[in-house]
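Next up is one chain by itself, shown in structure tokens, the form predicted on its own.
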Amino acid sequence: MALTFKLLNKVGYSPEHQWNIFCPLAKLAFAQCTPRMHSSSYRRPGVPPDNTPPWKKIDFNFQKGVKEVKKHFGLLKKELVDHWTGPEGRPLVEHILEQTRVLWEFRCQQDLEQWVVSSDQEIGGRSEAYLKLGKNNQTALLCGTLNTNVPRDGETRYSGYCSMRSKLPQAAFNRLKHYDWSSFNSLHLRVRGDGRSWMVNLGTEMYFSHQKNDLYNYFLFTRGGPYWQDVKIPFSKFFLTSRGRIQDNQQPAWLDKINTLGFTLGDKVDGPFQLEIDFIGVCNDRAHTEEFAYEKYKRNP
């Protein structure tokens, strides 16, 4: 890095131009040298670290290996066919004129397997969360019990959350893949809740590995009762947080680098909860022209 700046100084680039040149170089270096880290590095207090060698964690199963090879070659074939068809496997005309897109529907058990449910039990809490099909097998029902009792480990100060998030998209042979929502400006949900307030989370690809805990969040207010509600949340309303703390330096989300979508409940109210979801999609609302809802102030040096 120092050698790069020395060469740019000799050529006569200003510091601003040097930084604009260095940012893509740094991104490429981290992409090549640093693995994609999205799993939590949290370890419960009092639990010894896992020093098991990596080769002992591998399950040498021939039948499973053949199944995985077939799966990845099938994904590779689909990628090649989609590449010649058009963006994301659809014709170019359809991609340009598309105004709405349904991303997730919940009509069978396989649709639920695309999501991961978690709670504060990972840190010793007592909350419970379950994801199952609705009564008519046409919706997803996230239900459970929220418990804010703090585990007595001497370090944890807060507890009481339940969440569900979509699994990371992967291409053939576990290559990086992202959702591209750059043609849309709003998130469209059809939900039925119990009156609680939820947090909608967007996980995007970041420049550096230490930004793995960054998320874009916005609120989902459910009415409760027997009626469904259609919710449209503009992407310009999502604000940047890191480990739950709102950041001073706000910037719009990269809609062409979306990794995950999730829902989190942590309203500090003990008791049962439920959130029923019909579908999750994106749309292009022509009436919404806002680019970013939050102002950025220049701090006095």
Partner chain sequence: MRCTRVLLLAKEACGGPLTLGQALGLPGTVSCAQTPNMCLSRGFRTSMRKSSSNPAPTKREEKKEEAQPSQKSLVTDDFFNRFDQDCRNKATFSQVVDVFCKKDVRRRGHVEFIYAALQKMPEFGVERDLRVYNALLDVFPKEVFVPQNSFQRMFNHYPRQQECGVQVLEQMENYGILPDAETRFLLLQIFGRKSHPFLKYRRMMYWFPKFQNLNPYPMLEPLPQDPVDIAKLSLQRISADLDARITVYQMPSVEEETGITYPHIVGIQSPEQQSLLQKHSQDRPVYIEGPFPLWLKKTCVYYYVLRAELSPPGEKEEEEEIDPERNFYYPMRMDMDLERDLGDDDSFDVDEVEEGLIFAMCMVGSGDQATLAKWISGLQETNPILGHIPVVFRLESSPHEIQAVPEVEETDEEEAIQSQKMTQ
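Remember, it's a predicted structure, so these values are computed and weren't measured experimentally. Numbering follows the first chain given and starts at 1.
Not on display, but discussed next: the form predicted together with its partner chain.
Q: When its partner chain is placed as it is in the predicted bound form, which of 67-75, 173-181, 118-126, 190-198 ends up with heavy atoms within 4.5 Å of it?
A: Flagged stretch: 190-198.
Q: Just one of His83, Arg101, Lys167, His210 has a heavy atom within 4.5 angstroms of its partner chain in the predicted bound form, so which one?
A: For this set of options, the contacting one is Arg101.
Q: Is it true that Arg107, Phe221 and Glu276, all three, sit within 4.5 Å of its partner chain in the predicted bound form, judged by heavy atoms?
A: Checking in the predicted bound form: Arg107, Phe221 and Glu276 are all within 4.5 Å of its partner chain.
Q: Going by a heavy atom distance of 4.5 Å, is Gln250 a contact of its partner chain in the predicted bound form?
A: Result yes; Gln250 sits at the interface with its partner chain in the predicted bound form.
Q: With heavy atoms only and a cut-off of 4.5 Å, decide whether Arg157 touches its partner chain in the predicted bound form.
A: Within the cut-off, so yes.
Q: Verify the contact flag for Arg90: yes if a non-hydrogen atom of it lies within 4.5 Å of a non-hydrogen atom of its partner chain in the predicted bound form, no if not.
A: Output for Arg90 is no: heavy atoms all beyond 4.5 Å of its partner chain.
Q: How about Phe239: is it within 4.5 Å of its partner chain in the predicted bound form, going by heavy atoms?
A: Because a heavy atom of Phe239 falls inside 4.5 Å of its partner chain in the predicted bound form, the answer is yes.
Q: Out of 226-252, which residues reach within 4.5 Å of its partner chain in the predicted bound form, heavy atoms considered?
A: Contacting residues: Pro226, Tyr227, Trp228, Gln229, Phe239, Arg245, Ile246, Gln247, Asp248, Gln250.
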